[in-house]
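In structure tokens, the next block holds one chain alone, the form predicted alone.
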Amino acid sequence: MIRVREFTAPKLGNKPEENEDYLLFDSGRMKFAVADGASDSIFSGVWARALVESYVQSNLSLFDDGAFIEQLVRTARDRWYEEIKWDQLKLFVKNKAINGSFSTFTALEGRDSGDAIEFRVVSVGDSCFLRNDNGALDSFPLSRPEDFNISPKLIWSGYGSPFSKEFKWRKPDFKSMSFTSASVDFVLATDSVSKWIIEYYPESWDHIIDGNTLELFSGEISMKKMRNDDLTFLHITTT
């Protein structure tokens, strides 16, 4: 049985509605995803949510490697475009929104294959999949603290109104991996949590599963061991 612990919080000092990260999962179908909207684009939190919901709430599968990314972006664009009240935006907001929104995206999906589970991960940007493998840490797509920077790869929503909802999509630079495992002790996390886990492993992993997460992260931020950022993770295990 899959068990999931979820956590998401905005930057210290920000309101919950200012959180531009998003997470969602369906443990019964073994679908999990996180996304981190880029703060320098407008409505990026809406776009992050659209990407995650378009995957988890649909029949899209990471195992359909050839078609998945295009289907995801097109489906998410419809959600993003339809949620924004274009005709009610103030002029300065509309002038920025016309350029679209950007977000990272990382998703995990599993399917039974006999005595083990076959997993697939798809990622764009610096939100990571991390695996605790018998005391060793595997991280994808980034694996070193110095790999994280201020210009990650991103998925673009396409232009906003007055451009049509129909658009010529731009294929993001995505990475994917597959593996089979009989045990499950995984994390999906946005960039600041991912970097912190990698940099301070194995103590960081133990802290992730201990609870009191907001208090922990607040302390790590105050000691400058973690950047004050929107913070999001899913911890996925089997019971």
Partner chain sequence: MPYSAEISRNNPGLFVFLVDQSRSMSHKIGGGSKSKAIEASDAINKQLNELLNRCTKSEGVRNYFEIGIIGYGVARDTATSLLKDSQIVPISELETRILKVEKRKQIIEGEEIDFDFPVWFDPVAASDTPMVKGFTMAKEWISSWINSHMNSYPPVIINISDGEATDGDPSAVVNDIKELATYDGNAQVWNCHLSESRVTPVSYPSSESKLPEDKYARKMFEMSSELPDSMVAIAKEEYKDIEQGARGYVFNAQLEDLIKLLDIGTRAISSLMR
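Numbering follows the first chain given and starts at 1. What you are looking at is a predicted structure, and each value in this text was computed from that prediction instead of being measured.
Beyond what is shown, the protein has a form predicted in complex with its partner chain; the following relates to that form.
Though the partner is left out of this view, Trp196 does not reach within 4.5 Å of its partner chain in the model of the complex, counting heavy atoms only.
For the chain shown alone, Ser218 is not a contact residue for its partner chain in the model of the complex, no non-hydrogen atom being within 4.5 angstroms. Heavy atoms of Ser176 never reach within 4.5 Å of its partner chain in the model of the complex, leaving it off the interface. Contact check for Lys96: a heavy atom falls within 4.5 Å of its partner chain in the model of the complex. Only one segment in the set 129-137, 67-75, 156-164, 108-116 has any non-hydrogen atom within 4.5 angstroms of its partner chain in the model of the complex, and it is 156-164. For the options Ser61, Ser27, Ser39, Thr213, the one in contact with its partner chain in the model of the complex, meaning a heavy atom within 4.5 Å, is Ser39. Along 62-94, residues Lys90, Leu91, Phe92, Val93, Lys94 each place a heavy atom within 4.5 Å of its partner chain in the model of the complex.
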